[in-house]
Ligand SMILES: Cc1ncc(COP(=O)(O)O)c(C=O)c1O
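Read the single chain below, which is given as structure tokens and is the form predicted alone.
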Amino acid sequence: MARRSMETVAAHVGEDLVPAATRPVSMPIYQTSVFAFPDLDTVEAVYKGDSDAFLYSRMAHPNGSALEAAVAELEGGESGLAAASGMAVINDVLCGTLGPGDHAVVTAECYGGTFGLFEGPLRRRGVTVTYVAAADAPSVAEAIRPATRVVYVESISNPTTRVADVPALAELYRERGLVLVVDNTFATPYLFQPLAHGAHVSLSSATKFLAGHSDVTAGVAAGTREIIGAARSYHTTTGATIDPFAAWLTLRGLKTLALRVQRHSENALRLARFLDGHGRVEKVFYPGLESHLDHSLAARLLPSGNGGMLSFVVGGGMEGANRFIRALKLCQFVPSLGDVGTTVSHPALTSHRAMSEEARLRLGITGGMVRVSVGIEAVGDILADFEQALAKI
């Protein structure tokens, strides 16, 4: 073959695979939008589902597929799906399952973004919604209608940390042929596996504990092949694809998931007990507390720990919460959670601001509520920061 020109060489650099007798320990990042095919027969095989070759990264790519396989295995699902954010994967699952005329029963204590999805795009799509105390199976049973298709709960609710009795709910749904979808973001599959308790889909904002370092935005789901397949079809059409680097970062985070969540849980229990006995704290929400409403249920369903999330209400309402947040030195105020460092948030003004004030107050989400994502620092340093900040309320 004749020597190629400089312009041609430059246009094709890096296309040849580097031969090696060894393999990389860390998965390479496949930063490519398309994959080259040798002929038309191979393309046809991909579209027919007879080949698992990659075609176009909006449809699938090696990093995303590896993450999907990992999440499916961790959650005990038949299939997995990775998307560009937690809300993207929630939208994929719900829009792949719900259509015009369908009805959904949804936990009243859901994340504000989820509430906004049900109240906005899904209602405009013709889906009706009833909000109930979804941790309580009898309340859900009363809300079920002939058109009910989906029941949507959070394994540990945001921000009130209510624990859903998923086994009881699953038994209820099996009798009626409904789809049980569980947001497992707060618990993670390390602490709780909804599919093993009868749920059809377990989904999470991987932005939080799964990736764990506040450096990626991603969402994942695992479940039955039928439901995840329908979600994937919607997902591919609308283009909510996770990018290769985000998938790689999430896979890296999963390597330390068990160690991190164990430490998150230990520190959160220590902080919850500290706050529960503090004179400037009116109420603490954490399932590991003996006084928590769901303590016995948490002990049964979460034997390995109760997670790194808690909320508490300070005296002085919103102004008291603001003074507390301003006084923190170690812990940062951020509108997210799940980092290795301890962070705080204000649900009424951030995650749940889409709800009406009346709805928030009914759930106990007051101006004085502060949500805490407890990190893996030395717990004494966390307690000291909260002690000095509370003293300034």
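Numbering starts at 1 and follows the sequence shown. Predicted model, so just to flag it, every value in this text is computed and none were measured.
What follows is about the form predicted in complex with the named molecule, which we do not show.
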- prompt: Is residue 95 one of the residues lying within 4.5 Å of the named molecule in the predicted bound form, judged by heavy atom distances?
  reply: no
message: When the contact criterion is heavy atoms within 4.5 Å, does residue 242 count as touching the named molecule in the predicted bound form?
response: no
field: Exercise: residue 67 in contact with the named molecule in the predicted bound form, heavy atom 4.5 Å
entry: no
message: Is it the case that residue 365, even though its partner is missing from this view, gets within 4.5 Å of the named molecule in the predicted bound form, heavy atoms only?
response: no
- line: Assert contact residue (the named molecule, in the predicted bound form, non-hydrogen atom within 4.5 Å, options 137, 284, 269, 87) equals 87
task: Heavy atom within 4.5 Å of the named molecule in the predicted bound form: which of 107, 250, 158, 311 fits that? Just give me the one.
output: 158
message: The chain here is shown without the named molecule. Which stretch in 298-306, 285-293, 201-209, 251-259 comes within 4.5 angstroms of it in the predicted bound form, by heavy atom distance?
response: 201-209
message: Using a 4.5 Å heavy atom cutoff, which residues in 329-345 contact the named molecule in the predicted bound form? It's fine if the answer is none.
response: 337
